[in-house]
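Starting off, we have a lone chain in the form predicted alone, written out as structure tokens.
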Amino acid sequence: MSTERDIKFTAADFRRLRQMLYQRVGISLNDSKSHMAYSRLAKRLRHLGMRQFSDYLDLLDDVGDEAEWQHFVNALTTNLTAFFREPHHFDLLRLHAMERAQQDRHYRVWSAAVSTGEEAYSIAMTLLALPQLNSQRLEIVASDIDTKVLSQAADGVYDSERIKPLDSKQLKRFFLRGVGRNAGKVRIRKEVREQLAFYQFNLVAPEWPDMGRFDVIFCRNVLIYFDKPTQAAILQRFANCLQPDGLLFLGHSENIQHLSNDFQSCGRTAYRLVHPAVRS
């Protein structure tokens, strides 16, 4: 690693940083991510007046400042999302919700890595458009480890470019267009935002809070950042959080075939919880 940068960042610093991130949130950075780690954290070090990464890592270890740890985690997590990304998942969600619409209970969905909110609002728009589903019996939980993107998601404000995939009916029903200094932006309508409950959530925390059981869990393009044992542990926890025949949606590059016997494929990167009696 280059020492010509204005902040000293050695190979030992990167190894230590990787271990600290893994221990904190379970994310495993490979060797190719050293430049990314430097570029994302260097700004924070400059803000703190530090000139070498070892001092910053010492600060995290010695002081244990939770706010600073959150800066560290926020900087090193990747947030890439879009409205109705991988639309086949929302087609399956729609069918699944319609099948359960007649049941006298809440329909519950968890977006477990919500990022800036597009996924959770896409879920809400899909389900609120169903005449069979009473909005009073709809619960959507949206969580992420990154507090910065969670705040953006809760605000529900986006550049107009972000809503290009949506049709005119969706835009009219679910969005408000900004005027004046907010021109070029849109905001999710209040009645849609109020369908969502936002929480910070660490998927590798020793204990998960009791959130009840969900009909559907979205956790897309997240498992790829964990090692295989961590992936398997998270999948086991997801299985324990799902209703019978509940659905789990993963990212386009994620395959759990050899990691869990709790799920069977029911579509492209879509999995259904297997009944306990038939699990091997």
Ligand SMILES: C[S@@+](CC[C@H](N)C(=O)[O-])C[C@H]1O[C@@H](n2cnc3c(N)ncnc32)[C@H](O)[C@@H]1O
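The structure displayed is predicted, hence computed values, not measured ones. Residue numbers run from 1 along the displayed sequence.
The same protein has a further form, the form predicted together with the ligand, not shown here; the description that follows concerns it.
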task: Tell me, yes or no, whether residue 126 is in contact with the ligand in the model of the complex, where a contact means a heavy atom of each within 4.5 Å.
output: no
message: So in the model of the complex, is the ligand close enough to residue 201 to count as touching (4.5 Å, heavy atoms)?
response: yes
field: Touches the ligand in the model of the complex: residue 85 (any heavy atom, 4.5 Å)
entry: yes
query: Should residue 45 be classed as touching the ligand in the model of the complex when contacts are defined as heavy atoms within 4.5 Å?
result: no
Contact stretch among 221 to 229, 37 to 45, 53 to 61, 236 to 244 - heavy atom within 4.5 Å of the ligand in the model of the complex: 221 to 229
task: Note which of 270, 256, 17, 25 lies within 4.5 Å of the ligand in the model of the complex, where distance is taken over heavy atoms; exactly one does.
output: 25
task: Work out which of 152, 78, 170, 135 lies within 4.5 Å of the ligand in the model of the complex, going by heavy atoms.
output: 78
message: Only counting heavy atoms and a 4.5 Å limit, does any residue of 126 to 154 reach the ligand in the model of the complex, and if so which ones?
response: 144, 145, 146, 149
